[in-house]
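Here you get one chain, nothing else, as structure tokens; it is the form predicted alone.
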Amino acid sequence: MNKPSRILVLGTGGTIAGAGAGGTGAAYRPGGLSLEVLVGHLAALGLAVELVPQEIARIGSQDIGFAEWQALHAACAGAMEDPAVDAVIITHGTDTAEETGLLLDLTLPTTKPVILVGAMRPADAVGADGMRNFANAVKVASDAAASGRGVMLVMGDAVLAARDARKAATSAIDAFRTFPRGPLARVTPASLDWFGPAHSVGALARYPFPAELPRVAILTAGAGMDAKPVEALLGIGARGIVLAGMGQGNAPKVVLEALAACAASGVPVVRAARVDEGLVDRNVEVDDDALGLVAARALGPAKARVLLMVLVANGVTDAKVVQAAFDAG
């Protein structure tokens, strides 16, 4: 008989650990419940796994930053090297789960499953979804076919690749979407169906985890805006800029000219889109070759910022090299 999977559970707080909704209320406190309480609730379901809790933080994910990312990465990296640990689950707020997921996906090997899980309703609300999502994450983490798929997010009975997942609704249970690829699997506490084989079994991390993250800003384009916001971002020391542009990453001419000047000065500029979904391709409405800009391709502004931070932290600022990183997905 096989021994139960041993899963390291890293807690950061968020709605999945939220409390204070009073059953039918809207307001609550993210991270109000300790990780030990959450794990205890899950253990009561009788799942055939061993869960090892380690609390990193008890905060809303809007407050996740470099210190928490550094602690999460160190714990995950340690689990990769520990033969006694089979997988990692991270309980996380949904607001920035896509950013944490991509950062870890870029900087961890794929030797063991790493899964983010959250909730759209606090633990004491009517119809709370956290325990089901948590049980689903355990189902995925303990499956032999879960390795080699990069960091994953489990929400709403779906398994999503962290590189593709994004939050697309403020409060709906099915708030997460995936683009350009579809879900990796469907999951319930009793079943798991993968839609394809693992794509990167045993792959090394794409980038080293940075010693620090540079200031990279997101600039949202709007009708009638001028170049002053670009100047302000340079003034506060931005080392990279992501444009959340109109349509396919566009902006007023004066803004594009100011961004081109940034790129010429060594501050890389990536054009993403403020719309919910779609590719931003090179040289469609904007002459990227002439302006020295980078097209974000499938990454939205939040994820584009994470990738650009990692690149700049690793000394990558040349537009062609940055573009190649975005093209790689």
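When you see a residue number, it is the position in the sequence shown, counting from 1. All values reported here derive from a predicted model rather than from experimental measurement.
The same protein has a further form, the form predicted together with a small molecule, not shown here; the description that follows concerns it.
Student: Which listed residue (Leu116, Leu160, Ala119, Ile241) meets the criterion of a heavy atom within 4.5 Å of the small molecule in the model of the complex?
Tutor: If I apply the 4.5 Å criterion carefully, the residue I get is Ala119.
Student: Though the small molecule is not shown, can you say which of Pro53, Pro268, Pro30, Pro301 has a heavy atom within 4.5 Å of it in the model of the complex?
Tutor: It is Pro30.
Student: Tell me whether Pro109, Ser147 and Arg206, taken together, all sit within 4.5 Å of the small molecule in the model of the complex, counting heavy atoms only.
Tutor: Negative, none of the three is within 4.5 Å.
Student: Indicate whether the small molecule has at least one heavy atom within 4.5 Å of a heavy atom of Ser142 in the model of the complex.
Tutor: No - in the model of the complex, heavy atoms of Ser142 and the small molecule never come within 4.5 Å of each other.
Student: Using heavy atoms and a 4.5 Å limit, would one call Gly11 a contact residue for the small molecule in the model of the complex?
Tutor: Contact with the small molecule, no.
Student: Just checking whether Gly93 would be counted as a contact of the small molecule in the model of the complex - the rule being heavy atoms within 4.5 angstroms.
Tutor: Result yes; Gly93 sits at the interface with the small molecule in the model of the complex.
Student: According to a 4.5 angstroms non-hydrogen atom cut-off, is Arg166 in contact with the small molecule in the model of the complex?
Tutor: No - in the model of the complex, heavy atoms of Arg166 and the small molecule never come within 4.5 Å of each other.
Student: Which of these stretches, 94 to 102, 132 to 140, 229 to 237, 184 to 192, has heavy atoms within 4.5 Å of the small molecule in the model of the complex?
Tutor: Answer to the contact question: 94 to 102.
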